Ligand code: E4P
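Next up: just one chain, as structure tokens, the form predicted on its own.
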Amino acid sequence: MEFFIDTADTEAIRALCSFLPVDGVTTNPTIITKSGKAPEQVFAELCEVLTEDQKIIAQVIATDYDGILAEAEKIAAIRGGKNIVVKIPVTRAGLRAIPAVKAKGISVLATGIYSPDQAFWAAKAGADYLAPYVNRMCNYGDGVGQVVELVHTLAQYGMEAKVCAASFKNVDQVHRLLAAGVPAVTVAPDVIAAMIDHPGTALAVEEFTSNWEKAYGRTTL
């Protein structure tokens, strides 16, 4: 199971990676523009803060077939191609480009997925990862349920593409998909923090420390 951080905030990435076994980072054009930095700077910082065993997943901007191919090669050259995955939206041009990009030996994540049917065709085209937008799909129906169905459909047909569920609004959405066996997720830092920092844990630790100090006059073993 792979767990990615969905951000270009290198400080947030550094902080989370200091204590969590994270598999890498996903970005998109909006995330990068919100960073206030040039894309070249963002990618340089990601290469610095992540190890080569952690994936960097970045998206093409071009919307035409030739442009997608050219930008896929440019992205693949980041960090010498080591654990780099190119995001390609599931438009008609994108679906056409996926097998061509794969033929160049470049890993692909199909993105902008709003339905299991789009994901199915991206898997057939050869995408390594499929990124359904869970919360946005919930605006049109049972987004979590549709992603679970997608995982089962891929398994039924023996397709190798991994679902990398994206666009989460809350912890419950992540929890339900983890419980259903989704092979990968990408989650924003604030939702990751909400998964970890339960107030009950802080209260329990505080109680343990207080009781120990009262009994032994110290807060260490």
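Not measured: the values here are computed from a predicted model. Residue positions are given as counts along the sequence shown, with the first one as 1.
In what follows, reference is made to the form predicted in complex with ligand E4P, a form of this protein that is not presented.
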| query | finding |
| --- | --- |
| is_contact(residue 175, ligand E4P) in the model of the complex, heavy atom dist at most 4.5 Å | no |
| Contact flag, residue 136 vs ligand E4P in the model of the complex, heavy atom cut 4.5 Å | yes |
| Partner proximity in the model of the complex: residue 152 to ligand E4P, non-hydrogen atom cutoff 4.5 Å | no |
| Interface segment, criterion being heavy atoms within 4.5 Å of ligand E4P in the model of the complex, picked from 192 to 200, 154 to 162, 26 to 34, 44 to 52 | 26 to 34 |
| Every residue of 102, 107 and 125 near ligand E4P in the model of the complex, heavy atom within 4.5 Å | no |
| Sequence-ordered residues of 75 to 106 touching ligand E4P in the model of the complex, heavy atom within 4.5 Å | 87 |
